[in-house]
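Listed next as structure tokens is one chain, alone, in the form predicted on its own.
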């Protein structure tokens, strides 16, 4: 038998953790041969399903007639709520999400029934034939009105530090502001899709594009009235998720499974893009307010902050999302006296859900606005105000009483300020703006301090399963899901480094609930932290078994044995190929399969006292953005972005830089062009790429400098790396701040303009006009 080492000889292991290697599916992605759920060859007899959704946003169904649907060509069956044998509510944390409705309508597009036909076209055409008589009510779409009427999805929450009211009253300077923060459509390239295949004895196999296979398993089992072990969920890869497939992939898997159980045939359900955008949740829109007190140097003395999260019709993950907005309302700044309140309001839209940053970006915006506002009030450079308020020695306690390691953030900002030539550019831009009356430039440096861990403590755990085969090749499975972010590559690199073998010897298989059970969602930027540690534990177990076996054979201590360069070495010169040791261990009946498990230490949070350590550590970064604004049209360009981001000791620098670039651009889209629009009847108007503008390649700045701040994580994470999935998105706040800077130049930087997000060209133009009117009024 030839080993992999003999077939693919190498002088040292290739692709171990810490190296820049390509994404494990990169070639498949660019060649179009990567297999997604919709690419799976359907089993014989597969049916295709389409959802019959509500055409109104709020009201009741007076009469439902599906006879025309049943008679339509190609239709095999129709599913209604009466056909559900088990649970009918599939709310992921709290109830409120009926799998189908027969009476109350809470949002436009709410699923009422499902039709299955012999072709996708036949199913979709038949779905249009449903005759539904509604009792229409006026939808509530305004979050502030909903709060005033106490339409809450969950109780409000409050965090306090010091005596905010007293400190605020004593502050020599007080400022107040309110801003509206728009939501964001996930617009993943691969839409929501599931394929359900019935098996023996009621078993069900689900292929789904989901960030949380275990939740899909649970909910499918519950709607079918099965035990969890009767449902297997398989998830190889997603064409993007961004949080939109954490909870909201489950409904379509449940519907496909229900129809498959009813008909006894495989069922595929893939939402058309328009339905996907109408029927699935977005990033939460927020309304935020602040009332700050500061001294004459711009140091904050008291911060009264209120965040109002628009959760849509049901709780979904809104409770945790508003919590995280509150946790990040300080961003990188010490608030010695703080009173932060968060509200979770209900409106008559689709239920909003997780999105990269999970509420953190919405919370950060209000304090970053405050930094600019303080600077304009005092006539200072906003960067100086930011630096004066940074966490520092004896100023390192968050409003939720967690201590902050401040040194890294301070050094990172100083380094970026220098490398980006911020001060020289600020001087040049101010001079340029004095000479140009129409085109104005803006510059901003903003930091990010983002907490890493699920705020729901029990989700901070992961498992892995690792097999070594007798030719020395390895197969790895873990609980994380791959959505293009390179998680599988990083986790495989961890195993390669632990066992001293080439990355090419390791194959990661689809995430499956029958291999690693009870998994947490791939979210909260914790995928590599959790699953990398779990995989390392499995690899360490196998390494120890092999070491003990070899040590007994050679009469040496197991601690003398080293795994590196595809070899197992001991003594001064003795070694054997890794695969040879594996073969000997197999013959000696040594187990070559192991599980690994990891749970995040140190984290806790007492909700009653609003105190604790909800985050294992903080990921930090900073960005400088320079923009050019046409004050006659509101059009603008991002001219340059300079980013310095802390990922600890990177597991894969190339992938991390790609995540930083992608996160920044996605964040820029959220803050500038991506506008969600509902009409007064509650219908989503921005329901296609034709009416919803994500950034294009032309929106990427022509000068785009990204550098990793190579500084080991002081916490015991996998190889002392730091998470990189979500924090870079918030670096794009610098773009919004730079737009405000350019507009403020019209007043010689004396007025801080109101600029809600997304800061579309129309909003920029309105902000320009509002500032000009104020200047004209002051002159009069």
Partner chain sequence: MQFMLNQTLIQVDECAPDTTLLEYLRTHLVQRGTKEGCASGDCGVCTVVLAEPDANGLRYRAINSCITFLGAVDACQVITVEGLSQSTDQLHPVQQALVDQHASQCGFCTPGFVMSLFALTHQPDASSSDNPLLQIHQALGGNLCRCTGYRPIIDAARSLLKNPQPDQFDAQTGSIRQQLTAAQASDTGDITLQQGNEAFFAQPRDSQSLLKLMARYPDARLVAGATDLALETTQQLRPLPRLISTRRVAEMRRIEEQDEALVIGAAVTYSEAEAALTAAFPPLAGLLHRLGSLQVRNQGTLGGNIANASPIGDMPPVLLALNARLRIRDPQGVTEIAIDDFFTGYRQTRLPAGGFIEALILPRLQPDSLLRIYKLSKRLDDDISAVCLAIHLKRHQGRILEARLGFGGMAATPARAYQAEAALQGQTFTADGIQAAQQALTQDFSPLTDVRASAEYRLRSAANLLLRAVLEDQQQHSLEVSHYAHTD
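Residue numbers count along the first chain shown, from 1. These numbers come from a predicted model, not from an experiment.
The same protein has a further form, the form predicted in complex with its partner chain, not shown here; the description that follows concerns it.
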(request) Could you work out which of 438, 424, 587, 557 is the residue within 4.5 angstroms of its partner chain in the predicted complex, going by heavy atoms? (result) 438
(request) Identify, from the list 254, 629, 404, 643, the residue with a heavy atom within 4.5 Å of its partner chain in the predicted complex. (result) 629
(message) Can you tell me whether residue 698 touches its partner chain? I mean in the predicted complex, with a 4.5 angstroms heavy atom cut-off.
(response) yes
(message) Quick check on residue 394: any heavy atom within 4.5 Å of its partner chain in the predicted complex?
(response) no
(request) Find out whether any non-hydrogen atom of residue 368 is located within 4.5 angstroms of its partner chain in the predicted complex, and reply yes or no. (result) no
(message) Can you tell me whether residue 355 touches its partner chain? I mean in the predicted complex, with a 4.5 angstroms heavy atom cut-off.
(response) yes
(request) Please determine, with the chain shown alone, which of 60-68, 34-42, 744-752, 731-739 has non-hydrogen atoms within 4.5 Å of its partner chain in the predicted complex. (result) 34-42
